[in-house]
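Only one chain is included here, represented as structure tokens and corresponding to the form predicted alone.
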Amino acid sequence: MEEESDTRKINNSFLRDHNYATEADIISTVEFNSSGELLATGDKGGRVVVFQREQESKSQPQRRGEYNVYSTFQSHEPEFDYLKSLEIEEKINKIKWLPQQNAAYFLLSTNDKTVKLWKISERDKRPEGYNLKDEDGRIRDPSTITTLRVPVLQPMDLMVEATARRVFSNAHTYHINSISVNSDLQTFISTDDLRINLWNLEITDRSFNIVDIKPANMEELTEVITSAEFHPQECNTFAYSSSKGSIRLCDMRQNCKIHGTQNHFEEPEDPSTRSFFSEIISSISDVKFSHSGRYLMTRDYLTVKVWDLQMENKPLETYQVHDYLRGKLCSLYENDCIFDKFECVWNGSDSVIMTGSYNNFFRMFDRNTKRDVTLEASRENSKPRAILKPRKVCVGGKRRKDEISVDSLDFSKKILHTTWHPHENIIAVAATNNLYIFQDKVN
């Protein structure tokens, strides 16, 4: 694939930064809602920060793409399992928005063990004129009440409230790695290393186990579940990926508990390229249905693959994300970077896919033109309206002025989490404790 020389221009419109970042500030998930008007981030400190898009004004039309903080709340707290002597981190593993049904917004957030349903709503009026209590809330002496008043609603400064409406807990022995809301808007799945549970959004005290790959003898364990997602239109269909590089497409109408392989997507391994690291780098870290529901996209350590649901034996398309790292797998294994879990995402029309890499690089692949581009999210280009320039990595030989050597890449700077606006060319990428939001150039 050729590097695109005249890439479309992208503007940076927002930067979240902490000069004195702590471990708790590291962003662990990012997600647009279904309209793209809200963007939620979760971090290792258990916090959820929701950004809202600026409304368009005639005086400042260029501000339309900017996102500002809308609400911040503590979703999860650190816990301790006394029965297992196990600390449960507050880190937010995934956030998923529910489609908006009324004036309020709802989202699911999860840490390793517990999923919570949050309601985010606005309040700009407060009741006044109670009969049985004062304006400050204290109960009045009934003997002092001589007249009856009709309470009225008075305007107040806009306040955004986040309240936990449901808590779905005690259903996972292992760490939850993904959640997915069903298109029926009544159920969702939560996935850990060995099991997938189906929940009803209204019922918190029980769930239904639909996939269980735990062997009778744990010494026989050969693979774990790495991610799962519901089909965007068919409420009975979901897919899950494994550490062996395979994807299984499951239909809940066939059986109450998914057994066997169902539709099994896996690319045969080339024996000539097999090495000590083959099994590690073939592990799938993310799986995503296209918006059309026809394709599946998977991300392993070195590649992004697009699968047609009608063709199980090989991927339809394979894109090399950072193939120049193939010769550095030994050092990446020693510093544990080889176990990093990169996410992948579709644009709104399923024509472009995006995923992260190291050195704060992220990659975009155009499925129609077969062009690809490498861009960088960094402080140097974080000024508003700055234009991103394509970056190139030099593998060997003479390095050009605008290229960076593969030996100079910073593996501590990595973009694991990305999301794309559902309708427009606006993207959000999380680089450690910074959130970068880029959009197409506004003239």
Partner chain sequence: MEVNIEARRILAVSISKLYASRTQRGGLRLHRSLLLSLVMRSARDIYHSSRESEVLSGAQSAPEEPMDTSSSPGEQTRLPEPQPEPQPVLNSTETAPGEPDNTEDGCDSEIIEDKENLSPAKQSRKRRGKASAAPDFLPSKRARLEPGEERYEVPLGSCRAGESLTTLSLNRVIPAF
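Note that the coordinates shown come from a computational prediction; the quantities given were computed from them, not determined experimentally. Numbering follows the first chain given and starts at 1.
Just so it is clear, the following notes concern the form predicted together with its partner chain, a form of the same protein that is not shown.
**Report entry** its partner chain in the predicted bound form: contacted by all of 112, 226 and 276, heavy atom 4.5 Å
**Finding:** Yes, the whole trio is in contact, each within 4.5 Å by some heavy atom.
Query raised in the report: Does the 4.5 Å heavy atom contact test between residue 130 and its partner chain in the predicted bound form come out positive?
Result: Because no heavy atom of residue 130 falls inside 4.5 Å of its partner chain in the predicted bound form, the answer is no.
Query raised in the report: With the partner left out of view, is residue 243 within 4.5 angstroms of its partner chain in the predicted bound form by any non-hydrogen atom?
Result: Yes - in the predicted bound form, heavy atoms of residue 243 and its partner chain come within 4.5 Å of each other.
Requested in this report: Tell me, yes or no, whether residue 84 is in contact with its partner chain in the predicted bound form, where a contact means a heavy atom of each within 4.5 Å.
Outcome: Residue 84: yes, in contact with its partner chain in the predicted bound form.
Query raised in the report: At the 4.5 Å heavy atom threshold, is residue 134 in contact with its partner chain in the predicted bound form?
Result: Taking the distances in the predicted bound form, the answer for residue 134 is no, it never comes within 4.5 Å of its partner chain.
Requested in this report: Please name which of the stretches 312-320, 119-127, 153-161, 328-336 has residues with heavy atoms lying within 4.5 Å of its partner chain in the predicted bound form.
Outcome: The contacting stretch here is 328-336.
Report task. Could you tell me which one of 264, 206, 140, 175 places a heavy atom within 4.5 Å of its partner chain in the predicted bound form? Result -> Of the listed residues, the single hit is 175.
Report task. Quick one: from 280, 198, 171, 235, grab the residue that has a heavy atom within 4.5 Å of its partner chain in the predicted bound form. Result -> Only one listed residue qualifies here, and that residue is 280.
Requested in this report: Within 4.5 Å of its partner chain in the predicted bound form, which residues of 184-203 have a heavy atom? Give them in sequence order, or say none.
Outcome: Counting only heavy atoms within 4.5 Å of its partner chain in the predicted bound form, the contacting residues of 184-203 are 193, 194.
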